[in-house]
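Okay, here we've got a single chain as structure tokens, the form predicted on its own, with questions on binding and movement later.
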């Protein structure tokens, strides 16, 4: 099954976030709870953990700013 990971809302007022770093590569096996990318909001940089175990395919690029809810990666579970 393929699931889409979306830009999370890291703070109540957050409308968009910027991908500042991918902590995994395309095709990597990831586990639930593993930090997979970092986002920058207006107030902080936050490491985002995977909610799934599987193989990741990033969609968003480093330095890309996306609205909350936009797709950032897929995970084949």
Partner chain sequence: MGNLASLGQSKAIAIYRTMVRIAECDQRIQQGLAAGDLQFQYYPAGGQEAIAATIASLLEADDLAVTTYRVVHDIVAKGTPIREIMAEMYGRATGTCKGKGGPMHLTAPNSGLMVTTGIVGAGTPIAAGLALAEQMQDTGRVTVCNFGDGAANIGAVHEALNIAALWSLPVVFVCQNNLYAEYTSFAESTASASIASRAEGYGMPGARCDGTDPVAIHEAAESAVARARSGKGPTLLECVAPRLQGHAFGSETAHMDQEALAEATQNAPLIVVRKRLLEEGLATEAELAQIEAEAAEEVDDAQKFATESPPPGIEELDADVFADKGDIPYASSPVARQGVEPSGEHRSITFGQAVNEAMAVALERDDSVFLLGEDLHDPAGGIVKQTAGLSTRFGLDRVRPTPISEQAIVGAAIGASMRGMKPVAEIMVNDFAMVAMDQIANHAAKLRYMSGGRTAVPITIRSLSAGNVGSFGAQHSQSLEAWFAHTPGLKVVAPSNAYDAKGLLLSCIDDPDPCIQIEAMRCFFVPGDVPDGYYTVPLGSAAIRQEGSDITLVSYSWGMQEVLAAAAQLEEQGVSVEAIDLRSIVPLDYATVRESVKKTGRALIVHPAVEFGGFGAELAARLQFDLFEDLRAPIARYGAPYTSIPFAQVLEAAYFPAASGVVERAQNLLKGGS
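Residue numbers count along the first chain shown, from 1. Please read these numbers as outputs of a predicted model, since none were measured by experiment.
Keep in mind the form predicted together with its partner chain is missing from the figure; the text below concerns it.
Taking non-hydrogen atoms only, residue 28 never approaches its partner chain to within 4.5 angstroms in the predicted bound form.
Although the partner is absent from this view, residue 58 stays clear of its partner chain in the predicted bound form, with no non-hydrogen atom inside 4.5 angstroms. Its partner chain is not drawn, but in the predicted bound form it has a heavy atom within 4.5 Å of residue 11. Among residues of the shown chain, residue 49 is one whose heavy atoms approach its partner chain to within 4.5 Å in the predicted bound form. Contacts between stretch 52 to 70 and its partner chain, counted in the predicted bound form as any heavy atom lying within 4.5 Å, involve 52, 68, 69, listed in sequence order.
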